[in-house]
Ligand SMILES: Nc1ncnc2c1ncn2[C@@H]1O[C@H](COP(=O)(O)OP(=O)(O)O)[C@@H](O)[C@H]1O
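A single chain, nothing else alongside it, follows as structure tokens in the form predicted on its own.
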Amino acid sequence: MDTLAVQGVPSLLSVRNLRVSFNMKRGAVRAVDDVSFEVSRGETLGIVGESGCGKSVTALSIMRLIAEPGRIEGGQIRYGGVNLLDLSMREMRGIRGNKIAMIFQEPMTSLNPVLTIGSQISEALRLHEGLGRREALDRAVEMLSVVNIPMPEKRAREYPHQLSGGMRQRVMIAMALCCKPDVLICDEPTTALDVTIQAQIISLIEDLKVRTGAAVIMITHDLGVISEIADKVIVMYAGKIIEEGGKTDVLTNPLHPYTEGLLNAVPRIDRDSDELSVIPGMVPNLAFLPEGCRFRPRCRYAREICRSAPVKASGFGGIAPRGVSCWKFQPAWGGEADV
């Protein structure tokens, strides 16, 4: 698909035709297939979709953290005019955590259980900014205060298991922001947190984005989070982008049947029925993808033409370029699209 960018605003990070596969016993399985998007300074891009659609693999690819048996097959990831895929791992370490940082989904798998919180935050400052031990620790305490952790001096001396889930997530945000990155990738940062803490984390990320001017990529399955924080949205399904556009356009006027299904599945108090709407079927196994449109077996609009892979249709107005990969918006469909 074409890249998604706000017209007239230069992109800070550009992903073009990204392809990532994993070598399995039955052969190579492509988890990310021809994904393209752009994000500008001070802008939040939301990436949504069900588990296994390729959201996290896309994020890890940007960070160059895809490990065997996975590999980046092709495409470009351009930051500051440089293709990150051309850099050596040593050069990439100078960017990772410094210019591009990531908040991971589960803090307890990312934080070292035998090191104090202060030492883990200060490690990045010593590596990327050359600070001494004392100065780096002082900055770590300052960052804990910035992310609204009470008694930051005391918390800096504690270990991850001594903090609540919400505090550990704030520590991850502090670590990600300590070197003032240009791009902040948030991979499901509110998962497993109660709604009050979720709201606080979202507010914190939004506030820090405004203060630092960083570009944010918010990866989530929660459309409520997207409605709060995103400027633009891309919807992924089975490794591909199937719809893209401005947040308001996508959430109020979904074009792709899958996006429509996601929005209909969100519980709403203004509905008469107590039953939740569901998308029938299951996400396809990437090793055995259906013929043509990957959503076809689950789509209530499917026709015979859908056995051929859809070509992106673009336009449809809005503040950002709008695109959808669905035959309903192609002349070959015949008749007016009624999604």
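Counting begins at 1, following the sequence as shown. These figures come from a predicted structure and were not determined experimentally.
Not on display, but discussed next: the form predicted together with this ligand.
Peer 1: Based on heavy atom distances of 4.5 Å or less, which listed stretch (53-61, 38-46, 291-299, 306-314) is in contact with this ligand in the predicted complex?
Peer 2: Looking at the partner contacts, the answer comes out as 53-61.
Peer 1: Spell out, yes or no, whether the shortest heavy atom distance between Ile279 and this ligand in the predicted complex is within 4.5 Å.
Peer 2: Looking in the predicted complex, residue contacts with this ligand do not include Ile279, since no heavy atom lies within 4.5 Å.
Peer 1: Using the arrangement in the predicted complex, list in sequence order the residues of 281-304 with any heavy atom within 4.5 angstroms of this ligand.
Peer 2: Residue within 4.5 Å: Leu286 only.
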